[in-house]
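In structure tokens, one chain follows: the form predicted alone.
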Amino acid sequence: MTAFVAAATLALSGCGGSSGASDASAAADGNGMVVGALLPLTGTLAYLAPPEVAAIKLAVNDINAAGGVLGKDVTEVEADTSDGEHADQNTSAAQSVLAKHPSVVIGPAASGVVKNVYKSIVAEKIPVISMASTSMTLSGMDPYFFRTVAPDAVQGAVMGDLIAGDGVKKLAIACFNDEYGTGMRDIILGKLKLAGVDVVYGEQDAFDPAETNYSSIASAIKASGADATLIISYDQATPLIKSLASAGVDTHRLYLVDGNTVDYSKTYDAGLLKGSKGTIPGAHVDDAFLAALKGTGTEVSDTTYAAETYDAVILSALAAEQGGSASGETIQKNLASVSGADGGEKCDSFKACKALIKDKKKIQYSGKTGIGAFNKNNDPSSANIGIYEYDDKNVNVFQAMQSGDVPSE
């Protein structure tokens, strides 16, 4: 992580303001495709950075190994956005990347950060492709905003069904007061009410994302008589779970979401989370892809949103290839098409898809995530949600995959 922060710091130094839409597009088009990346190298989502960094490196390597985009190598520049609690850093990171005249910006990861920076990027006619922001409010908000992850409606529905299907009768919810958090909670609540699950704590309460003492929340959950607890947060879950255990709450019946379903084997005593479950959007990463990510030289232990990041880069490169230009405008106009919105022949790599484009064929990139083509809101039209269960080492082990269509209304 020190290396990542150093790289971001280097990227931030010596960068001035943006030079305007036409200049940015011309620079990207004339000098080859530049992939900009806004990543949470620090902050409450920093655990997501290593797989995202590795995925971008891998995608760029794969593209360049196949001859690059329009005969030129792709380059990449990144900056650290931190999280939604650091709005100034969100802005400075975006300006740092814009100063490098990117053809596309991959990220940010958090919905709140997207809201803080996207306008300055799309104003220059540069598409933004988020690999991890799931808030429903982002759907269709701008023609230049896309995402390779399903909005919360899909994960929320799967989580609600999972809790009800496990026979939970009384549920407590510990949710942070964040657009992602309360939005996800409301979707899950809708499912739980239909299933007859009684929410005995947290239906309306939400804690400050900057909270550091969770003892009162843990005591209230214990007093509620809940037989299971849903935690909707980022890394706030780490101290919260410790407080829940200290308060005597059953930590074998916790439900976690993508913001906190991670490997806790080095965090808690063995067995603390055994039997608890979590959900993460996206296809389960296979051994070959994991080996390739590690082959970039990045230390990767968690693979959350690696596939979504990789596919975002590949899709943008294919859009440039198909459109005959690495400008942001060209990429935006061709993203839906190369994702399969217009039909076409399926292909599962940049090299294979590029060959079809060269033969003047329509393509449908079928990548690592297994998402459907972009719909009219620039969301995936369908997506997969992985279900995980914690073992006696507190490792989240993949159990099953559920797919669902993404609403476009």
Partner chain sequence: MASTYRFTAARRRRGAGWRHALCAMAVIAVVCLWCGLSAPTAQADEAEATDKCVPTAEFGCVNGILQGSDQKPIAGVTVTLGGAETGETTTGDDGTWAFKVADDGKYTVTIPQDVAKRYGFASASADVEIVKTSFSKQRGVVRFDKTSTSDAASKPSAAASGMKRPATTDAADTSGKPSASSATWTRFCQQLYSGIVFGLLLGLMSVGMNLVYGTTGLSSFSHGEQVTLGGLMAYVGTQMLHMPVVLSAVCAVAVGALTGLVQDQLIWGPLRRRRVGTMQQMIVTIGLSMALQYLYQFFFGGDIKGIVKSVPEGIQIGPITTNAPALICAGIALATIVGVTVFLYCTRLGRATRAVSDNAALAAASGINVDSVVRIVWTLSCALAALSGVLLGIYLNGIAWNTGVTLLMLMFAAVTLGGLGTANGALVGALVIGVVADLSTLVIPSDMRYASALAILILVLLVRPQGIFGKRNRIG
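Residue numbers count along the first chain shown, from 1. Everything numeric in this text was worked out from a predicted model, so none of it was measured.
There is another form of this protein, the form predicted together with the partner chain, and it is not shown here; the text below is about that form.
Of the candidate stretches 104 to 112, 67 to 75, 138 to 146, 222 to 230, only 222 to 230 has residues whose heavy atoms lie within 4.5 Å of the partner chain in the predicted bound form. The putative spot formed by Gly43, Glu211 and Lys242 is fully lined by the partner chain in the predicted bound form; each residue has a non-hydrogen atom within 4.5 angstroms of it. For the options Thr91, Ser301, Thr296, Asn177, the residue carrying a heavy atom within 4.5 angstroms of the partner chain in the predicted bound form is Asn177. Although the partner is absent here, Asp161 is a contact residue: one of its heavy atoms lies within 4.5 angstroms of the partner chain in the predicted bound form.
The partner chain in the predicted bound form comes within 4.5 Å of a heavy atom belonging to Gln402. Within this chain, Gln236 lines the site of the partner chain in the predicted bound form, having a heavy atom no more than 4.5 Å away. Remark: Ser120 does not count among the residues lining the partner chain in the predicted bound form, judged by a heavy atom distance of 4.5 Å or less. If you take 270 to 284 and check each residue for a heavy atom within 4.5 Å of the partner chain in the predicted bound form, you get just Leu272.
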